[in-house]
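Two forms, one chain: they're shown below as C-alpha cells, one block per form, named structure 1 and structure 2.
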Structure 1
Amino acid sequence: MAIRKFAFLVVLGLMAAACGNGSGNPTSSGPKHGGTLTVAIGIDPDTLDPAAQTTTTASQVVDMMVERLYTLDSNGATQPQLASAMPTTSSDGLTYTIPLRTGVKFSDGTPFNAAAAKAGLDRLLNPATFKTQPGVLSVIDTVTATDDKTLTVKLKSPFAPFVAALTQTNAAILSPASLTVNGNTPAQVKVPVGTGPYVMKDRVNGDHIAMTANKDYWGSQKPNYDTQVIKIVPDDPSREALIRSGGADVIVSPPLSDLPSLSSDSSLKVLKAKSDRTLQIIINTVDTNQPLLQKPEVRQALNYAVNKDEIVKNVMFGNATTLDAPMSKTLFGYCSVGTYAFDPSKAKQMLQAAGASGMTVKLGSPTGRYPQDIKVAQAVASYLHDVGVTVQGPETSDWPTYLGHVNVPPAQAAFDMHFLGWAPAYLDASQQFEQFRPDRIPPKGLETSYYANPTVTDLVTKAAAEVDQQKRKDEYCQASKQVWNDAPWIFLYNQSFPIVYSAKVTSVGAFPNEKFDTRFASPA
C-alpha cells in the first residue's frame, strides 16, 4: 500500500512536467517531429563528464550530447562515428592512422578537427582530469594531429581490441572551447558540449536532465523531438505508474513481475533488449575488517551458500541467466568454466574448516540502479544467514552516494561485500577483466574487489596483445578458470534489459552493452 501511495504521489507531481508526446507535426514522409520525450531512469548520474564515466545509464545520457571516433551498432559491431572510416594499422600493431570526418561542428559552433580529437583523448589520459577513467585506453602512448583530418595514435604495446575500445563514452570528443564556460574547467566538465544530436538545457540534481535538439546536427539521421527530459525516478513501481499514466514516454528497468501485464497493454511496447551485464556480490578480498574474506575457500563457500537459480526464478522472474563464467556469454573470450551449485551443507563445512563459522559481514546495495537490486541483495543476505553468516544490511543509498562508498581505495571501503553490476562497454573479455586487474584498483579504475592474481594478470596482458584470435580466446579462458576458483565475487547472473515505451513513440532502441537509445526516437 505504501508503495502504491508513493507511486500515485509521484505521478501527480510529475504529470505537469512530463509533456507526454508533445505536438508532433507530421512531415510528408519519414519521422514526425516536435514535442518532448520524457524518459524515466532509476539513478541520478554522478557526473556528466565523459572522461569520468563509470555507469552505463549515465553514459547513455552523455551519449545524447557527445560522440566518439567510433561507435557500436545495434549488433555490437564497431562503426565509424566522427572517424570517416576504419583506421589503418602499422605492421607492428602500434600505430593507428584515423581519418576524420570533415564539415562537422560541435553544438557551440566550434569546428571538429584532428586538434579537437587529440585534445579529447589527451584529456582522458591526463591524470589531472577529475576522476578520469581511461581504463584500457591507458595503452595509448601519444596522440598526434597529423593534419586537420587525420589523427595518428601510437600505443605503448599492441592491443587487439583498440578500435572497439574507442567506442566507450570515456573517449568522447568535447568542444575545446567549452572547457572554460558554463562552470566547466579543463579538469572537470559539468556541461558536456559535443557533436551529438542533443544539447544540454538544464539539470536539477535528483530530479531531471533536460536536453534540446541540435538543429545543426551533422548526421544523416536528425533528432526528432525538440526536447528530451531524463527524469530521475529510483522507485520501480513509480516508473511503471508514470508510463501507464502517460507521465513518461519511456522507462528503463520496470518492475520485472509486471512485465507480462505491461506486454499485454496495447498502449505500451516492451523491448527485452540483450545485455552483457553481469551482476555479482563483490567481495573485499583484502578486507582488514573481516580478514576471513581474504581466504579463497571462504569466498568459495559463500558461492555455494547462495541459490542463484532460485534468485533468477523468484526475484528476477526469469529475466536473467545464472553465470557459468565470470562474464557474459556475449563477449569474445567467453568459455564456460563451471558452476557453484547450491549446496548449503558444503558451504557450512567449508566455513567451519576455514574457521569462519558465525562470521559477520557488512553488505551494501544500491536501490533503483538494477532491476530488483535491493531485493536480490536481501535474498543473498538470507541465504548467507542460513549457513551461519551474520549479515549487517544490506545498507542502501542513492546512486552517487553509493558509488562514493564502493569506488574507493581499500582503506576507504565501507562494506565487506557490495552488490554491483558490470557491463563491458564493448563486447570483448578485455573489458570484463578490467574487474580483475590490480592496476585498476581505485582510484585508477573500478576493480572494487581489490583482487590480484599474477597468473590472471599475465594471461590478460598476453591476450590483449595477441594477434591470433584463438590464442586470445584460450588465454581468456584460462584466466576465467582461475578467477572462478579464486571467487572474488559471489557470481550471480547475466540480466536482460527491459525497456517499456509508449505506443505513441517510435524508434526506441538499445545496444548490447546495455544502453537504451532514444537519440532518434520520434512521435508515432
Structure 2
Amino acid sequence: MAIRKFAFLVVLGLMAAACGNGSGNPTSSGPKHGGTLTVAIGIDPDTLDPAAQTTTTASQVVDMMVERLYTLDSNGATQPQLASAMPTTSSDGLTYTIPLRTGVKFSDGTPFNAAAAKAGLDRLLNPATFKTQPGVLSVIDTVTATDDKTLTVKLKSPFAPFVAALTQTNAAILSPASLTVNGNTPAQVKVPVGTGPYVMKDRVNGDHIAMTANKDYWGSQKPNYDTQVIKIVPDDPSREALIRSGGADVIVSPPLSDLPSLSSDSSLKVLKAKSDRTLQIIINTVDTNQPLLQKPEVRQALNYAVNKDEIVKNVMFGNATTLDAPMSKTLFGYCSVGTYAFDPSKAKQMLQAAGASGMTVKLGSPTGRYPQDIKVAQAVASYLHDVGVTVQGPETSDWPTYLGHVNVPPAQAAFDMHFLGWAPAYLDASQQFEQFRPDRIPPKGLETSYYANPTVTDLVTKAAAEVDQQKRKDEYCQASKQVWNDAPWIFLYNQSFPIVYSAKVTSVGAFPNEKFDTRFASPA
C-alpha cells in the first residue's frame, strides 16, 4: 500500500512537471524561450496538405510550417511574406511580377527560389492534386520563373484582388524536395515541409499534432517555444476544462456563456479576436411559397422587427458586433452603410402597408455550426412573432444535412428564410459579394437568397477588374448600399473569435479571419 501511495505521488509530481510548461530561460533581452506550448483546437484537420485546405483552423496549423508569397498582418492588410515586396502589375491587369526573398531555405535545407514558388502554384492548379482547391486562383494562366528571384504570373482575365487571394493557405509554397519523402507524393502531402517557424514532428490522428521550432527560421521574429502541440479537443466545454486544469496553454472558441468567468480568472487571459464572419437570416427573394418575401419593403420590415443589439448582448454574450453593412469591417471595400434600428411598430406598419400582416414563413437553422446558432434563430423567430409574423420552425439539423437543404436551386428551396454564416477566405469585398451575385445561385455557388440586382452585378463585375484601388472601394461601397436597401438578408452581426490563454504565455495573437496565431508566442 505504501508503495502504491508513493507511486501515485510520483505520478502526480510528473504530471505537475508536465503541466508546468515553458518555464522559460530568460535571455538578456527579448522574449523568453524554451518549453512546450499546448494549444487546443476543436477540429481534427482532415489534411495538412496546403492545396486542400478548407477550414481556417486547419489552415493555421499548416501556416505555422509552410508560408505563402503574401500574408496578412494582424489588422488584415496584405503584406509580403516570401515575396520581398508588393508585385508590379501590367497596365492591362493581366501580368503580375513578384519579387522574391533571397537567402531563405526550407526547413529540409532546400533553397527557396522562383522555381520552388512556381512548383507550389502549379501544384495547386494541377487537377491531379488530391482535393486541390484553387478556387479563385484558377484565374492563373501561367506561372514563370523569370530568374531565381522573380516570379511572373499571367492571369486569364483581370482580377483585382489577386494579391489578397495569394494570402490563402492553399497558395503556400512547399519544399519541392519534400514531395517524394515521408510518405508524400506530388499528388498528396501528409507531412508539409515549408519555410515556416515550426517543423512537423509527429501526428496521432484525432489526438494531436506536434511541431518543433525551426532553429534556422529566416524571419526577424523567431519561434520561442521549442515545441508546440496542437491538441484536438472537439467539445467546447472539454477545451475549457483542459485550460482550467492546466492541460492546455491556449484554447480557441470556449463556450461563449463561460467567457465572463474565464475573463475574471486571473490565471487566464481572453482575447476577443476579430473575425470576418457575418451571420444573417437569408431570405428567399424569389420565394413562390411566400411571395410576399419578394417585396423589398417586406424584407426591410423584417430587418426593423429584429432587435439585433439584444441578440448580440444576450444570446451571443457580447461576442459580436451588429452589422452596419452587408460585410464585416475587416474587409477591403467595407464602408458603413446604415442600420435598421429596432422598431417593431414601424415594422408592423410596413408589413400592413405591404399586405403582409400575419404572413407565415418557414425558418431553418443549423445546430452546432456557429456559436449559439439555433438559439439565435429562435430569438429571431420570437421577434418576428412579436410583429405578427407566423414562423414555422426554426427547423434544424446537423451541418451537412442542413447544407444539403439550403444549397439548392430556387425551385427546390426548402425554407423561406434560413440562418447562415459567411466568412471570406481572404479579406476582400469580392468574397462577400459571392453572396449577392446571380451567377452564384446554386448549383454554381452558395447565393441562397437568389438575389439579383443588375446595378449590384454591374458594380461588382467592374470592381473585380478595377486596377484603381480607390475606385474599387467606391464601387463596393455603392453596391453595399444597394444590397442594404434591397435587404435580401435580415442583417444580424459579425461574430468575434475568442481565444483563451494562460497568463504564463505572452504574444498570442490572431488574424481577422478566425486564425489564431501562436507562431511567435513565448513564455511570459
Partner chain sequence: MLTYVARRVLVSIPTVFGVATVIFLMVRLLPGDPARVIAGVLATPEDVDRIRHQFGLDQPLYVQYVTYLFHLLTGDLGTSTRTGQPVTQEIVSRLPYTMELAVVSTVIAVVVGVTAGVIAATRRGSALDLAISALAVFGLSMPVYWLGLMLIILLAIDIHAFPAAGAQNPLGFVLPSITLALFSLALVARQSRSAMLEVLNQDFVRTARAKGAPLRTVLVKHALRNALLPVVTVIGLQFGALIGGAVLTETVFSWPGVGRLLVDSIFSRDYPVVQGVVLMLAVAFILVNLLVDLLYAYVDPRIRYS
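Everything quoted here is computed from the prediction, not taken from an experiment. Just so we're on the same page, residue numbers count up from 1 along structure 1's sequence. Each form is matched to the other, and the largest set of C-alpha atoms that superpose within 1.5 Å is called the rigid core.
Remark: structure 1 matches the stated condition (the form predicted alone).
Comparing the forms between the two structures on their rigid core, the Cα displacement of Asp373 reaches 2 Å or more. With the core superposed, Tyr225 shows a C-alpha displacement below 2 Å between the two structures. Two rigid parts move between the two structures, and the turn of the smaller against the larger, rounded to whole degrees, is 32°.
Superposing the two forms on their core, we find that the Cα atom of Glu434 is displaced by 5.3 Å between the two structures. Here the rigid core is superposed, and Phe332 then shows its C-alpha moved by 3.8 angstrom between the two structures.
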